[in-house]
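The form predicted on its own is given below as one chain in structure tokens.
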Amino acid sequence: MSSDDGNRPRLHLTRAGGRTRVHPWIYRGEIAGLEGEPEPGAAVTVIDGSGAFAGVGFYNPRTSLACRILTRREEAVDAAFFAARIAGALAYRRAAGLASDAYRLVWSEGDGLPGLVVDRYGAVSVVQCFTLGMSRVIDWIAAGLRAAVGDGPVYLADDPAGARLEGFEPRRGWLDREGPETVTVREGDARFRVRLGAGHKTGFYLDQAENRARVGRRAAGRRVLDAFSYSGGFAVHALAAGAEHAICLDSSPEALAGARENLALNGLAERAELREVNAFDELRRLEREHARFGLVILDPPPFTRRRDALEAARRGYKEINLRAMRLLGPGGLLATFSCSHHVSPAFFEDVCRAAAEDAGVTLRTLGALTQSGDHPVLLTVPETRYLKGLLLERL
């Protein structure tokens, strides 16, 4: 699966220097040629347009994003390599105080392992492979995890969309031994039950942990609307911090079942109402009823995964933000997000500004919001920052 000798296939680029030195992605159109016949998902040595060594990465001719560089050193990509990278990711999080009951241990390019995500829930590691190369070395990944965090169970939750593009069968289940069906984790003063293998992502939206706490601290005494609520993370934190009442909106009965379970787990069920609805429709209906809230959270799924669909996404974000802004009473807060990585912070702010103008409301920006620190962002790889948001106050 790897080679550290002169027999490793070589991939030649058309360009030299610049982005090649700092960004791990190589597109098919940037490839001048190949020496050798690498199998899809195999490691290749990358040579830039000047003939200089540029790194070692996993190659897959099936996709337009044909190679992702793993290392800028001439070294073997083997079990020891993965063990060292995972240990480094853990050391960073421990030093920053980010390792807890539930946290992201490996964040793809952000941790020098493009195509790999690992989340920790208690003693369980949940692994998502987005590339064929990572899927091929799952045993090395598991060994590196167990060396770093202990000999716990490993659950595989490969991304189906990534698997289709890359040409491998996505796996969902325990790697080599059974683990628990659910894990209860603590996030600040709140507890959440994570059902492994169910729902979106790896079972919970860890990227919103810091935002849930930040928004929750401002929720006391407020009536809360948690749109696109999934398993109720924002509502639980808001109610635990003293919010009067929360309404959770989601179109998924499974998501609302998780929210109901989490509210009950924290003794908050009596102050919450769950509505299985289309959030767009319900926001319009609430506006017609002249409903008012002291805190509205908008955390929708990505409205686009393609750059050429940005204008359609703009319309969706503007619609929900306009409705939410009109639902705010004086002094009301709006925490609004986009998790589409093609949507830049400036684009999102512009959409919210246009929504405020059409809604006829004046809003103060209390802060920009982004993903939790266990999802590290690389300056030279802007794609590592995908979650952006604003905390706004209606004047």
Ligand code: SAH
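Don't overthink the numbering: it's just position in the shown sequence, from 1. Computed from a predicted structure; not experimentally measured.
Form predicted together with the ligand: not shown, discussed below.
- Between the ligand and the residues A99, A76, V277, L165, the one pair within 4.5 Å by heavy atoms in the model of the complex involves V277.
- In summary, among the residues T71, N266, S251, T184, the only one with a non-hydrogen atom within 4.5 Å of the ligand in the model of the complex is S251.
- Residues within 4.5 angstroms of the ligand in the model of the complex, judged by any non-hydrogen atom, belong to 222-230 and to none of the other stretches in 222-230, 101-109, 83-91, 132-140.
- At least one heavy atom of Y205 is located within 4.5 Å of the ligand in the model of the complex.
- The closest heavy atom approach of P301 to the ligand in the model of the complex falls within 4.5 Å.
- The closest non-hydrogen atom of A313 lies beyond 4.5 Å of the ligand in the model of the complex.
- Among residues of the shown chain, V117 is not one whose heavy atoms approach the ligand to within 4.5 Å in the model of the complex.
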